[in-house]
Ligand code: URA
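Encoded as structure tokens, the following chain is the form predicted on its own, with no partner shown.
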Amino acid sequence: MQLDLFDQSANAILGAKTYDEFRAALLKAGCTKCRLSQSRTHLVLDRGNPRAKVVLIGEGPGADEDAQGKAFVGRAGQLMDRLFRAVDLDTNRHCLILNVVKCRPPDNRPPAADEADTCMPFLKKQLDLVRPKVLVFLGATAVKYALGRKEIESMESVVGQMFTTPQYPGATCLIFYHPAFILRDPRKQPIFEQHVRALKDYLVREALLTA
């Protein structure tokens, strides 16, 4: 991995040996590599348990996340927490929640390709350090950038899929609707609930709920 994202701090950030080291180094250094840094309040690195077996990957911080410096704490995150709790999954205990970008895009727009590309080494480093057994991609932006599926016919055609990919060896991958989409279209909530139950069943079957 190239260590030239920004100034000499990149060595400490992308060369970190543990997740805690990575997190502390990035928060200390900050990042001004792309235009999203110009309007952020806080870098939003994550929420949850770095020792969990499940990583959820979303799009980017919103207003609440930018204010608090934590991922998925707004309405969409609260909805997701409730739906996970319904099957006895605690997102703060059983999951680590990340995003494609770590600064809030203006007006909650999707991150642009260059913004996602600039931030991607951070996400990849997080995944390298955590080594999740399950990766859940929340929404089209995560599928596009973190999974690399630039062209998909529709989210409806891919949600609920469970698969493996050489891109993330050792991990089982799933695609979910983004919970913000469920807020906009509550008719899709039963589908999201079905996918969460399938995730729980898989974790129980594979004995992955030890975090």
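Position 1 is the first residue in the sequence shown; the rest follow in order. The model shown is predicted, which means the values in this text are computed figures rather than measured ones.
As for the form predicted together with this ligand, it is not shown, yet the points below apply to it.
Only one segment in the set 165-173, 182-190, 27-35, 65-73 has residues whose heavy atoms sit within 4.5 Å of this ligand in the model of the complex; it is 65-73. Shown without its partner, this chain lists H178, K144, K53, R40 as candidates; in the model of the complex, only H178 has a non-hydrogen atom within 4.5 angstroms of this ligand. Contacts of stretch 22-58 with this ligand in the model of the complex, defined by any heavy atom lying within 4.5 Å, are made by G58 alone.
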